[in-house]
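In the form predicted on its own, a lone chain appears below as structure tokens.
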Amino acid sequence: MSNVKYNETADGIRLLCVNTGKFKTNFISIDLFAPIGEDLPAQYVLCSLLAHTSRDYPTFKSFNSKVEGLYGASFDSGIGSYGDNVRLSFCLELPDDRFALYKDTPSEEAVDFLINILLNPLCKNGRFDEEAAKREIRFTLEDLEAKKNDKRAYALSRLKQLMCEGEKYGVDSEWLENGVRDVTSERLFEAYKNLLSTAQIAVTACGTLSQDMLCEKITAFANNIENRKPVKLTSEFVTGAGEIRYFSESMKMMNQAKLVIGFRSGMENDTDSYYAYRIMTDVFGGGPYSRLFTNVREKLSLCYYCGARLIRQKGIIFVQSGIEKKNYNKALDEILNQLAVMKNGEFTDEELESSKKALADAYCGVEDSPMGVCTYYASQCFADEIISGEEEAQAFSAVTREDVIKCAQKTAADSVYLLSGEENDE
């Protein structure tokens, strides 16, 4: 395990520094977490805008030139859900200071750059630059449209919306898209100020960066945020499924139908029997050793792909499958049958051990890259205890057959969604 140091530099701002010299690059990320709410459309635009311009770098050219000047650093940003919360990420990977010329300290400059783009955006007199705002709204709408064209991703987002209606997690894609269209430069500025004021902020760094330097800069960053009142992060866990609900939609120009099933696992929070639920989900529909892969896909040839994934922050399991529409009933019945196999404990010892080994190996390898280290530890920034990848691997290895069966027996199908081509297309 690397030397992991954790600090809460200010209320709602946490720094996790992984000190290691085994990499040739350093990785730094700043993640902002906030409850999903009315600001979500503006936050999507904000994530794009803050990643392209700032007060000191008002054009794409000057912004990218600064990034390139950090010894060819790689900058990235993104937005997504974290349970019932939204997560905005801004990160930089760049060569370790050991390889800089003239005793330069590019990693310190990189920290300054990330803080700068968050504290000093391209705005004036309580509003963002009009042209920049319009451009980023267009970019955001194009990104949302691209996701809609990805039928696999679209089907999953529609099931989330339908299954979790009334929960923050069930974001309505049309509401989001229309909200982005209605964003103004003034509204964008309000959302920006509200985000900095209320967000829980996680700063993660991996490499040879000085923790004292990071603490000093992040503390100054916190002190420069006006009216800082961070909001606690929570997620609603629905433990029961009730009667299965069925949904279907058609779309033009689709050859392969998408079948998505949402299951309520019975988890009461994100630590409730997590390791057993993760193993159960993996035996059910994880790797090539899983029940869904070997039976639904390989033996019965009912689908092109079929896999299961546990959403830890919501206690939901999603099964995604690509099928021929004519095989809908057979594929659905067999997927549910494989869950029944799990409930009855009829999976093999070989399947269980393959899953435990695969997950243990994956977590033992989380420290194989700076980005992997930061991605892994950033997810724990708000946990009471920091757990290493090796410790997680041991926890997976300790899961028993009885643990897996108990988790399967608590799991129940909630919603089924089918996206297929229109009749005239077939």
Partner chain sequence: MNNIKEIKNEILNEKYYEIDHSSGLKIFVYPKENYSSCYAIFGTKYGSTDNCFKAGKNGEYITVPEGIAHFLEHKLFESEERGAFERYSETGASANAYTSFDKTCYLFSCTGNFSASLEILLDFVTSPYFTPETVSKEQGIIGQEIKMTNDEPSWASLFTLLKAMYKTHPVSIDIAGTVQSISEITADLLYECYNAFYNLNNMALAVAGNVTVEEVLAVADKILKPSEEKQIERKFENEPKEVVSRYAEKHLDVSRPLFAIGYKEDVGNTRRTLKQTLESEIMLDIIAGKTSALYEKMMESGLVNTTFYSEYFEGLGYGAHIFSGESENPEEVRRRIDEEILRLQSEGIDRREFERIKKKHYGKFIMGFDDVDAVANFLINDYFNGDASFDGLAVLESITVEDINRRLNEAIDVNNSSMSVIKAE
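Because the structure is predicted, anything quoted here is derived from the model rather than measured. Positions refer to the first chain, counted from 1.
Form predicted together with its partner chain: not shown, discussed below.
Asks: Does C364 reach its partner chain in the predicted complex, with heavy atoms at most 4.5 Å apart?
Replies: C364: contacts its partner chain in the predicted complex.
Asks: Looking in the predicted complex, any heavy atom of Y305 within 4.5 Å of its partner chain?
Replies: Taking the distances in the predicted complex, the answer for Y305 is yes, it comes within 4.5 Å of its partner chain.
Asks: Within 4.5 Å, heavy atoms only: does Y417 come near its partner chain in the predicted complex?
Replies: Contact check for Y417: no, nothing within 4.5 Å of its partner chain in the predicted complex.
Asks: Find out whether any non-hydrogen atom of K357 is located within 4.5 angstroms of its partner chain in the predicted complex, and reply yes or no.
Replies: K357 belongs to the contact set for its partner chain.
Asks: Just one of 86 to 94, 162 to 170, 277 to 285, 110 to 118 has residues with a heavy atom within 4.5 Å of its partner chain in the predicted complex, so point it out.
Replies: Only one stretch passes the 4.5 Å heavy-atom test: 86 to 94.
Asks: For a quick test of understanding: in the predicted complex, does each of G80, N227 and N344 have a heavy atom within 4.5 Å of its partner chain?
Replies: Contact check failed for every one of G80, N227 and N344.
Asks: Have a look at L209, M251, L332, L195 for me and say which one sits with a heavy atom within 4.5 Å of its partner chain in the predicted complex.
Replies: If I apply the 4.5 Å criterion carefully, the residue I get is M251.
Asks: Within 4.5 Å of its partner chain in the predicted complex, heavy atoms considered, which of F293, F189, F318, Y328?
Replies: Contact residue from the list: F293.
Asks: Listed by sequence position, which residues of 394 to 420 have a non-hydrogen atom within 4.5 angstroms of its partner chain in the predicted complex?
Replies: The stretch does not touch the partner at all.
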